[in-house]
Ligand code: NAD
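Form predicted alone, single chain, as structure tokens, below.
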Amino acid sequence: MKTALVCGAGGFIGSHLVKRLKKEGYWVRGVDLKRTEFSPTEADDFVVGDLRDPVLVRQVIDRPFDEVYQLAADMGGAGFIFTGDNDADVMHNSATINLNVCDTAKDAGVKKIFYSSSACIYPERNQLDATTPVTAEESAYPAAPDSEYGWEKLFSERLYFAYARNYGLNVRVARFHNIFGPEGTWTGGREKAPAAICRKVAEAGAGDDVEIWGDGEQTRSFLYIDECLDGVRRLMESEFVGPVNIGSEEMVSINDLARLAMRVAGKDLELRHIDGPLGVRGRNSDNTLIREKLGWAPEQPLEDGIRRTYNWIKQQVEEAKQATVA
């Protein structure tokens, strides 16, 4: 039986990854500051602990795991990342985690380690036009991310590849593009656009409107969690080390994302545009390299994932209302 460690197993992607690995027959240890919020973890062993603590990291990476997945990070959506208020914590906390995990994995003889980077590493100058963003992997340099979150992610990519060169650590690196789905953060300020919009639509009644930050013409692509995990597992089983984009090429404006959520919900609501943190003007996944190296790329229509996510968030909204009444 293969062994795997998932760092960040209490979070959205990490909890889904644990389930995926268990289905594939792995023995899985998870570690996070918190347990999974929306369903019990399926990990064989779950450690509640702080990966900023090198002692804790040595305790959880206590063997030459077949695979380690480093997903843990201090992060959130635009409302958390782009205000500037959390920059120091984002950089310090995430970099400390990666320094600890990378070095301990080397010492423990871990056979293969995956690092989840982000599309936020791409230069702002290549994403000023909402219709033609540039996100080919080689376009990351000269570096100029639009946030400190992106700078930390880029630093950590280089950290893992330095350990690969100097110590033979067997690494894989992917740049995620806006992963979404059920059992993710949907309220509280750290939620990302699909969850935030689905919540706003679910909460809206007749005559209400849906708030959109900016003019809503900024563009993004969004990848459903199942296809994200397909890409991660294919990368881990390949000989390609990355970095590689894992994202959808179905680019939409935030206005159209809101209209899609309304269509799924069967609601006809107005959009109300307000000031708010926006990030780059346009971003989409360039999947040329992943097709070349892995012979695969995500293809699921955005609407399918939004429907599943909306239905789950609608249930959370209804349960929250019932709890308030009770």
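Computed from a prediction, not measured in an experiment: that's the story for all the values here. Numbering starts at 1 and runs along the sequence shown.
Although it is not shown, the form predicted together with ligand NAD is what the next lines describe.
Of these, 105-113, 199-207, 176-184, 155-163, which stretch puts a heavy atom within 4.5 angstroms of ligand NAD in the predicted complex?
Checking each option against the 4.5 Å cut-off leaves 176-184.
Heavy atom to heavy atom, is P277 within 4.5 Å of ligand NAD in the predicted complex?
So P277 does not count as contacting ligand NAD.
Does any part of I306 reach within 4.5 Å of ligand NAD in the predicted complex? Heavy atoms only, please.
It does not: once ligand NAD is placed as it appears in the predicted complex, I306 has no heavy atom within 4.5 Å of it.
L51 near ligand NAD in the predicted complex, any heavy atom under 4.5 Å?
Residue-level check for L51: yes, a contact with ligand NAD.
Contact between Y310 and ligand NAD in the predicted complex at 4.5 Å, heavy atoms?
Outside the cut-off, so no.
I need to confirm a contact call. Of I97, V244, A78, V232, which residue comes within 4.5 Å of ligand NAD in the predicted complex, counting heavy atoms only?
Checked against the cut-off, the match is I97.
Heavy atom within 4.5 Å of ligand NAD in the predicted complex: which of S118, Q127, T219, S147?
Exactly one residue meets the criterion: S118.
Does any residue in 12-46 get within 4.5 Å of ligand NAD in the predicted complex, counting heavy atoms only, and if so which ones?
Sequence-ordered list: F12, I13, G14, D32, L33, K34.
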